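This document opens with one chain alone, in structure tokens, the form predicted on its own.
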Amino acid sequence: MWSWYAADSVLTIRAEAGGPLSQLDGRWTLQSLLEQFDGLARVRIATPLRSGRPGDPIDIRVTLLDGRPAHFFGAFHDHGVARGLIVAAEAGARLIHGESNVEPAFQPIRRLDTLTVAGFEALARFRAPDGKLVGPDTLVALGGDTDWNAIAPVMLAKSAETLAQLRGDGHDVFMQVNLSAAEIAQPLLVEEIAAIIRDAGLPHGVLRVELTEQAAMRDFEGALGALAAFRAAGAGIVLDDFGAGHSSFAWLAEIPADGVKLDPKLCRMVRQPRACRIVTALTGLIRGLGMTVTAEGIEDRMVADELHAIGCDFVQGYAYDMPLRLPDIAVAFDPVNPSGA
């Protein structure tokens, strides 16, 4: 990962020891870093770093002096502060999807004001030895197996394909895919999601990556760089399980996200007066930062009504929808009875 602070004119790179970019590891002045690349690459790197504004993406292909290609992905988080990843790969490199038998199921995410479908979360399901579609824990318990390294690229590719079909049918929706900290840390996955979004013809930000706070905090600086890179690659960012950990405000302040999903336990507490005041303040803060708020894990429509009243934008949970297989996804767009009757 890399980070740039214009006030110091210093770019810090954290590269894997013995890896293809290990010679770039360390703190660099901009001038000393530029000397590691060919002439044209120097201009392509220096210009956006010197003139970038909050929200600006960085997507630069460069060539090192020894002729090896590299790809800078990232974005400006604040005035003079940018982060991202450097990928050492040939242009157009793709991950091998392997033999994963993962099949996404899709749980609708609804607008709380109208209960119409705004998007979906893609949930990983697998074909067990008996042919049933199960979650990962059940698959292991039943003695099944899969190529676990292929889950992320396969889920992203299948979710993007479904999303493109839905949008082609006139549904203005987004799709969210949960990634683990280990998956986020794969530099080539950034290249992969950029290619997936391009191949599916999706607009910026409608295919979204979800990351939990617990996953991000295992390597906070690395997660910041990775998420900035995913954003530059065209993906949206959603912070999952907000309020479940101990560092949520640092997480909220540092990660430029499109939306936040409130932890289900926090949502259920909204009917308690003191907790309601806390959730109300959090919701106002998140929305004030330009992000949407999703209440997740909702099984009671009365709780959903409370959350709507305090400003939550979206709802996801069994109170409205079970996860749907692809052949049944059209059911999600049927009208919903607000009373639940």
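On a predicted model such as this, the values are computed, not experimentally measured, just so you know. Start at 1 with the first residue shown and count on from there. Take the two forms, superpose them, and find the largest set of C-alpha atoms that agree within 1.5 Å; that set is the rigid core.
The same protein also exists as the form predicted together with a small molecule; that form is not shown, yet it is the one meant from here on.
- Message: Only one of L189, V238, L179, A232 gets a heavy atom within 4.5 Å of the small molecule in the predicted bound form. Which one?
- Response: Selected residue: L179.
- Message: Within 4.5 Å of the small molecule in the predicted bound form - does that hold for a heavy atom of every one of A124, M155 and G297?
- Response: Verified in the predicted bound form; spot residues all in contact, yes.
- Mind telling me which stretch in 111 to 119, 252 to 260, 167 to 175, 124 to 132 gets its heavy atoms within 4.5 Å of the small molecule in the predicted bound form? The contacting stretch is 124 to 132.
- Please run the contact check for Q107 against the small molecule in the predicted bound form: heavy atoms, 4.5 angstroms, yes or no? Yes - in the predicted bound form, heavy atoms of Q107 and the small molecule come within 4.5 Å of each other.
- Task: Determine whether any heavy atom of G222 comes within 4.5 Å of a heavy atom of the small molecule in the predicted bound form, and answer yes or no.
- Result: No, no contact at 4.5 Å.
- Applying a 4.5 Å heavy atom distance criterion, does R268 contact the small molecule in the predicted bound form? Looking in the predicted bound form, residue contacts with the small molecule include R268, since a heavy atom lies within 4.5 Å.
- Message: Residue-level question: is F333 within 4.5 Å of the small molecule in the predicted bound form, judged on heavy atoms?
- Response: Output for F333 is no: heavy atoms all beyond 4.5 Å of the small molecule.
- Core-aligned, does R268 move its Cα 2 Å or more between the shown form and the other one? After core superposition, the C-alpha of R268 moves 2 Å or more between the shown form and the other one.
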